[in-house]
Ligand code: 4AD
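Just one chain is shown here, as structure tokens, and it is the form predicted alone.
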């Protein structure tokens, strides 16, 4: 049953003089001269609703139990608020107490908490101001992503979580098995694990990407996208890495790298603008309390025409700079965050799309250029964060794709169906990948990727 009454967001926009009901949790409580002031939050917006409880309205025994963290229903009248910043407050007529919260042991009292401490109480941190804003933005961003692709006529594809193929060829994958790990069956001759009695009768893993499967559907539906969880078994304890994260991966058929770049630019501008409009108070909070460049850099992305440079041109710019790089710049090495931010923040002062990377540092599926040295890859770089999107035109030529697999030591047999797409009606096609949490970092200015996902999965940590 949907609860009666309005959300805090709705009530704050009502006209004074109406009776109303609000449900939520007590954020703070203040007492003055027999009058109790409660700030009620239900998560619907950044602001709380102030509830004024006059003396005698609620029995004092019950009132003593209504402390920070307790859950309540308040029936009362919306009256004009004398406080600056909000139009109305509620004058309580009655309060129903659903659940108490011991003021001694409740962790979220009105004081500052470190992000590290809040990660330890991930079951309660959504009630804090910072994480309330984080997860409202996360919700709005997910909605904006689907809205963009649906408006553009894309088909949403659910790609598999369990897979036998490694899209990136990197090997950092989580294995999935039903075999007894204490008594693994072995092949008699080689001593290798015998997977014939395993559930899938072959090695299986959690997916690192839905791209290859999305290409299957692009070969039938033209424009498709995936949006789902992906997994990397990298033992990386950094503020930029998670073992479980979400990826957005569109694929477009009858398209080249130019089409891919145009799609990426439209996509970024749309979703950022949508979130800024829908979560204005939350973004303002991040700009004020987390990173005072959030608003300026987001507006820069939305309003700029993205710059285009080749990898070779970018390396030349970096080599001619007078910067003392932590990671030396040379043709053939991958660009690091310091290089990417220099290009976007110091040189061009706006987002930059870098194209045509050396083939040795890119994946097997990227289309080879005629120079024999580079592939039709692109990275979208943004001020404040560096790389935010990676994509490419895909290799649609069967013979070239086979050569690329061999060069990277990958077995053709594992990609038989992927090669079939090049045998039966192959077309030029392209796509890109965007880490959902990476974009969340950009929108919020949060410094650690563990703080933009509800329950972070990192080395040694799988709580909640």
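Worth saying up front: this structure is predicted, and the values here are computed from it rather than measured. Numbering follows the first chain given and starts at 1.
Below, we refer to the form predicted in complex with this ligand, which is not included among the displayed structures.
Contact annotation: of the candidates 247, 219, 309, 255, the single residue with a non-hydrogen atom within 4.5 angstroms of this ligand in the predicted bound form is 247.
A heavy atom within 4.5 Å of this ligand in the predicted bound form is found for one listed residue only; from 278, 373, 350, 241, this is 241. Here the chain stands by itself, but in the predicted bound form one stretch of 139-147, 287-295, 321-329, 231-239, 231-239, has heavy atoms within 4.5 Å of this ligand. None of the heavy atoms of residue 46 is located within 4.5 Å of this ligand in the predicted bound form.
Contact check for residue 388: a heavy atom falls within 4.5 Å of this ligand in the predicted bound form. Residue contact with this ligand in the predicted bound form: residue 205 places no heavy atom within 4.5 Å of it. Although the partner is absent here, residue 29 lies well away from this ligand in the predicted bound form, with no heavy atom inside 4.5 Å. Within 4.5 Å of this ligand in the predicted bound form, a heavy atom is found for not a single one of 270, 299 and 445. Contacts between stretch 89-120 and this ligand, counted in the predicted bound form as any heavy atom lying within 4.5 Å, involve no residue at all.
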